[in-house]
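Only one chain is given next, in C-alpha coordinates, and it is the form predicted on its own.
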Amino acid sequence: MEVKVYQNKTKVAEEFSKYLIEKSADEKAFHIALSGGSTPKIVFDVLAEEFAGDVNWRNIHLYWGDERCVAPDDAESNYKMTVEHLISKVDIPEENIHRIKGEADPKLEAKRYGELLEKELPKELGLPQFDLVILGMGDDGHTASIFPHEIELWVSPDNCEVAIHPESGQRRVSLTGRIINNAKTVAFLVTGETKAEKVKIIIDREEGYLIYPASHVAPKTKDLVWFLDAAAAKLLT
(Lines give C-alpha, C1' and ligand atoms only; values in the text may rest on other atoms or scores of the structure.)
Protein backbone atom coordinates (compact mmCIF):
# COMPACT_ATOMS: atom_id res chain seq x y z
CA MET A 1 0.00 0.00 0.00
CA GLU A 2 1.18 3.50 -0.83
CA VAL A 3 -0.17 6.61 0.91
CA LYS A 4 0.23 9.98 -0.81
CA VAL A 5 -0.70 13.13 1.10
CA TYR A 6 -1.18 16.54 -0.52
CA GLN A 7 -1.96 19.99 0.83
CA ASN A 8 -5.56 20.30 -0.37
CA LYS A 9 -8.25 18.82 -2.63
CA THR A 10 -7.06 20.67 -5.73
CA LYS A 11 -3.52 19.35 -5.30
CA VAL A 12 -4.93 15.83 -4.87
CA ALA A 13 -6.84 16.31 -8.13
CA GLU A 14 -3.76 17.56 -9.99
CA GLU A 15 -1.49 14.79 -8.74
CA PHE A 16 -4.07 12.08 -9.40
CA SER A 17 -4.58 13.43 -12.93
CA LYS A 18 -0.84 13.12 -13.59
CA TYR A 19 -0.88 9.61 -12.11
CA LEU A 20 -3.77 8.62 -14.42
CA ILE A 21 -2.00 10.04 -17.49
CA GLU A 22 1.11 8.03 -16.67
CA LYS A 23 -0.83 4.82 -16.00
CA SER A 24 -2.84 5.04 -19.23
CA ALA A 25 0.04 6.13 -21.50
CA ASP A 26 0.39 2.80 -23.36
CA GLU A 27 -1.23 2.62 -26.78
CA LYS A 28 -3.93 0.14 -25.76
CA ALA A 29 -7.37 0.07 -24.18
CA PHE A 30 -7.40 1.25 -20.57
CA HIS A 31 -10.44 0.28 -18.51
CA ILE A 32 -11.36 2.49 -15.53
CA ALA A 33 -14.11 2.13 -12.93
CA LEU A 34 -15.11 5.60 -11.73
CA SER A 35 -16.41 6.75 -8.38
CA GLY A 36 -19.07 9.29 -7.50
CA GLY A 37 -18.77 11.81 -4.69
CA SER A 38 -17.29 15.23 -4.03
CA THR A 39 -13.59 14.40 -4.45
CA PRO A 40 -13.91 12.72 -7.90
CA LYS A 41 -15.98 15.73 -9.02
CA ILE A 42 -12.98 18.00 -8.37
CA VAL A 43 -10.64 15.46 -10.01
CA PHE A 44 -12.84 15.35 -13.12
CA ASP A 45 -12.88 19.17 -13.32
CA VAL A 46 -9.09 19.41 -13.06
CA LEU A 47 -8.55 16.51 -15.47
CA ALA A 48 -10.87 18.07 -18.07
CA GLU A 49 -9.68 21.65 -17.70
CA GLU A 50 -5.93 21.20 -17.23
CA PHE A 51 -4.98 17.79 -18.62
CA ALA A 52 -7.56 16.83 -21.29
CA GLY A 53 -4.99 17.12 -24.08
CA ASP A 54 -2.58 14.76 -22.30
CA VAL A 55 -4.91 11.76 -22.36
CA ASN A 56 -5.55 9.54 -25.38
CA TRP A 57 -9.32 9.35 -24.86
CA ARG A 58 -9.79 6.87 -27.71
CA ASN A 59 -8.09 4.25 -25.52
CA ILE A 60 -9.96 5.12 -22.31
CA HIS A 61 -13.03 3.05 -21.43
CA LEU A 62 -15.18 4.36 -18.58
CA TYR A 63 -17.28 2.24 -16.24
CA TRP A 64 -18.76 2.96 -12.81
CA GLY A 65 -17.98 1.35 -9.47
CA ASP A 66 -21.50 2.11 -8.32
CA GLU A 67 -24.62 3.95 -9.36
CA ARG A 68 -27.72 5.21 -7.60
CA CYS A 69 -30.92 3.66 -8.98
CA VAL A 70 -32.16 6.89 -10.56
CA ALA A 71 -32.53 8.18 -14.12
CA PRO A 72 -29.32 9.30 -15.90
CA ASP A 73 -30.51 12.94 -15.82
CA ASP A 74 -31.32 12.87 -12.09
CA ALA A 75 -29.20 15.13 -9.83
CA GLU A 76 -28.28 12.03 -7.76
CA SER A 77 -26.82 10.14 -10.75
CA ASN A 78 -23.08 9.44 -10.71
CA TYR A 79 -23.26 9.19 -14.50
CA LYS A 80 -24.81 12.68 -14.78
CA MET A 81 -22.09 14.12 -12.53
CA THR A 82 -19.39 12.53 -14.70
CA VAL A 83 -21.00 13.83 -17.90
CA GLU A 84 -21.15 17.36 -16.52
CA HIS A 85 -17.65 17.46 -15.04
CA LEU A 86 -15.66 15.24 -17.45
CA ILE A 87 -17.32 13.47 -20.39
CA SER A 88 -18.89 16.61 -21.94
CA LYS A 89 -15.52 18.37 -21.83
CA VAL A 90 -13.29 15.73 -23.44
CA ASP A 91 -13.19 13.95 -26.78
CA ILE A 92 -14.04 10.40 -25.70
CA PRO A 93 -15.86 8.07 -28.13
CA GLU A 94 -19.44 7.33 -27.08
CA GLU A 95 -18.85 3.58 -27.45
CA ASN A 96 -16.15 3.81 -24.73
CA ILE A 97 -18.71 4.85 -22.11
CA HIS A 98 -20.28 1.93 -20.27
CA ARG A 99 -22.79 3.26 -17.78
CA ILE A 100 -24.80 1.44 -15.16
CA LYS A 101 -28.45 2.02 -16.09
CA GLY A 102 -29.80 3.47 -12.86
CA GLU A 103 -33.29 3.73 -14.33
CA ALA A 104 -33.55 -0.05 -14.92
CA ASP A 105 -34.79 -2.71 -12.50
CA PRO A 106 -31.92 -2.88 -9.95
CA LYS A 107 -31.58 -6.69 -9.79
CA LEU A 108 -31.74 -7.10 -13.55
CA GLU A 109 -29.26 -4.25 -14.03
CA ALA A 110 -26.78 -5.73 -11.54
CA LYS A 111 -26.92 -8.95 -13.56
CA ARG A 112 -26.62 -7.13 -16.91
CA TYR A 113 -23.68 -5.00 -15.77
CA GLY A 114 -21.90 -8.01 -14.30
CA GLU A 115 -22.26 -9.73 -17.68
CA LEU A 116 -21.08 -6.60 -19.52
CA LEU A 117 -17.87 -6.67 -17.46
CA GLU A 118 -17.34 -10.32 -18.44
CA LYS A 119 -17.68 -9.33 -22.09
CA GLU A 120 -15.74 -6.04 -22.20
CA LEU A 121 -12.84 -6.50 -19.78
CA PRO A 122 -9.74 -8.62 -20.17
CA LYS A 123 -9.58 -11.61 -17.81
CA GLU A 124 -7.10 -12.32 -15.04
CA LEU A 125 -7.43 -15.31 -12.71
CA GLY A 126 -10.67 -16.11 -14.53
CA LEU A 127 -12.28 -12.79 -13.56
CA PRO A 128 -12.77 -9.47 -15.39
CA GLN A 129 -9.87 -7.11 -14.68
CA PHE A 130 -9.97 -3.32 -14.59
CA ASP A 131 -6.74 -1.46 -15.21
CA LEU A 132 -7.78 1.02 -12.53
CA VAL A 133 -10.59 1.19 -9.99
CA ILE A 134 -11.11 4.62 -8.43
CA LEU A 135 -12.79 4.53 -5.03
CA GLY A 136 -14.02 7.09 -2.55
CA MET A 137 -14.74 6.43 1.10
CA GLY A 138 -17.69 7.68 3.13
CA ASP A 139 -17.50 9.02 6.66
CA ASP A 140 -18.92 5.63 7.71
CA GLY A 141 -16.12 3.68 6.01
CA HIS A 142 -18.22 2.53 3.06
CA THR A 143 -16.73 2.24 -0.41
CA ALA A 144 -18.38 1.83 -3.83
CA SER A 145 -21.91 1.26 -2.47
CA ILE A 146 -20.98 -1.45 0.02
CA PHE A 147 -22.01 -0.15 3.45
CA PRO A 148 -21.04 -1.55 6.88
CA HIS A 149 -24.56 -2.92 7.50
CA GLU A 150 -24.32 -4.99 4.29
CA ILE A 151 -20.64 -5.89 4.41
CA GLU A 152 -21.49 -9.45 3.31
CA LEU A 153 -22.08 -8.03 -0.20
CA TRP A 154 -18.31 -7.51 -0.43
CA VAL A 155 -17.77 -11.27 -0.67
CA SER A 156 -20.69 -11.90 -3.02
CA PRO A 157 -20.04 -14.53 -5.72
CA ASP A 158 -21.50 -12.08 -8.27
CA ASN A 159 -19.68 -9.25 -10.05
CA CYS A 160 -22.34 -6.71 -9.06
CA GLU A 161 -24.93 -6.49 -6.29
CA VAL A 162 -27.87 -4.31 -5.33
CA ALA A 163 -27.04 -2.38 -2.18
CA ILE A 164 -29.34 -0.32 0.02
CA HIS A 165 -28.31 3.00 1.57
CA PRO A 166 -28.68 2.64 5.36
CA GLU A 167 -30.51 5.95 5.87
CA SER A 168 -32.40 6.81 2.69
CA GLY A 169 -33.16 3.23 1.66
CA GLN A 170 -32.08 4.17 -1.87
CA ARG A 171 -31.06 1.21 -3.98
CA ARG A 172 -27.72 1.22 -5.74
CA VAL A 173 -25.89 -1.12 -8.10
CA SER A 174 -22.31 -1.71 -6.94
CA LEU A 175 -19.25 -3.66 -7.93
CA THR A 176 -18.32 -6.32 -5.37
CA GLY A 177 -15.01 -7.23 -3.77
CA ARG A 178 -14.18 -9.95 -6.27
CA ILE A 179 -14.02 -7.37 -9.08
CA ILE A 180 -12.47 -4.51 -7.09
CA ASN A 181 -9.70 -6.71 -5.67
CA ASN A 182 -9.00 -8.23 -9.08
CA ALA A 183 -8.07 -4.81 -10.55
CA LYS A 184 -4.49 -4.10 -11.61
CA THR A 185 -4.54 -0.93 -9.53
CA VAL A 186 -6.96 0.52 -6.97
CA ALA A 187 -6.77 4.19 -6.00
CA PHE A 188 -8.66 5.76 -3.10
CA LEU A 189 -9.42 9.48 -3.43
CA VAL A 190 -10.28 10.72 0.06
CA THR A 191 -10.37 14.32 1.24
CA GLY A 192 -11.73 16.30 4.14
CA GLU A 193 -11.50 16.28 7.91
CA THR A 194 -14.64 14.16 8.36
CA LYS A 195 -12.78 11.21 6.82
CA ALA A 196 -9.72 11.44 9.09
CA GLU A 197 -10.92 9.06 11.81
CA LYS A 198 -11.77 6.18 9.43
CA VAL A 199 -8.64 6.81 7.33
CA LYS A 200 -6.50 6.28 10.42
CA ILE A 201 -8.43 3.22 11.65
CA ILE A 202 -8.27 1.53 8.23
CA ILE A 203 -4.71 2.40 7.19
CA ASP A 204 -3.27 1.65 10.65
CA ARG A 205 -5.48 -1.46 10.98
CA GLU A 206 -6.70 -0.45 14.40
CA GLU A 207 -8.99 -2.67 16.47
CA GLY A 208 -12.36 -3.21 14.78
CA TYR A 209 -11.18 -1.94 11.38
CA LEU A 210 -12.68 -4.88 9.48
CA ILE A 211 -16.26 -3.67 10.07
CA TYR A 212 -15.57 -0.98 7.44
CA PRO A 213 -15.90 -2.13 3.81
CA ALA A 214 -13.01 0.13 2.73
CA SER A 215 -10.69 -1.97 4.90
CA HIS A 216 -11.33 -5.00 2.67
CA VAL A 217 -9.88 -3.32 -0.42
CA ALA A 218 -6.74 -5.37 -1.07
CA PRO A 219 -5.96 -5.89 -4.76
CA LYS A 220 -4.24 -9.20 -5.50
CA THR A 221 -1.54 -7.24 -7.34
CA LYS A 222 -0.81 -5.33 -4.08
CA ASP A 223 -1.08 -2.09 -6.10
CA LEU A 224 -3.20 0.03 -3.75
CA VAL A 225 -2.69 3.80 -3.53
CA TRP A 226 -4.39 6.28 -1.18
CA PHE A 227 -4.53 9.90 -2.42
CA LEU A 228 -5.32 12.03 0.65
CA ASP A 229 -5.41 15.71 1.45
CA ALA A 230 -3.84 16.98 4.66
CA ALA A 231 -7.23 17.16 6.40
CA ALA A 232 -8.08 13.48 5.73
CA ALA A 233 -4.56 12.41 6.73
CA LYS A 234 -4.26 14.56 9.86
CA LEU A 235 -4.47 11.65 12.34
CA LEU A 236 -1.89 9.49 10.56
CA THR A 237 1.52 9.35 12.18
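What you see is a predicted model; the values in this text were computed from it and never measured. Residue indices: 1-based, along the sequence shown.
One more form of this protein should be noted, the form predicted in complex with a small molecule, which is absent from this view; the next part is about it.
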Checklist entry - Taking the partner as it appears in the predicted bound form, which of 112 to 120, 148 to 156, 132 to 140, 98 to 106 has residues with heavy atoms within 4.5 Å of the small molecule? => result 132 to 140
Item to check | Output flag, 35, 40 and 172 jointly within 4.5 Å of the small molecule in the predicted bound form, heavy atom basis | outcome: yes
Checklist entry - Of these, 61, 198, 68, 184, which has a heavy atom no more than 4.5 Å from the small molecule in the predicted bound form? => result 68
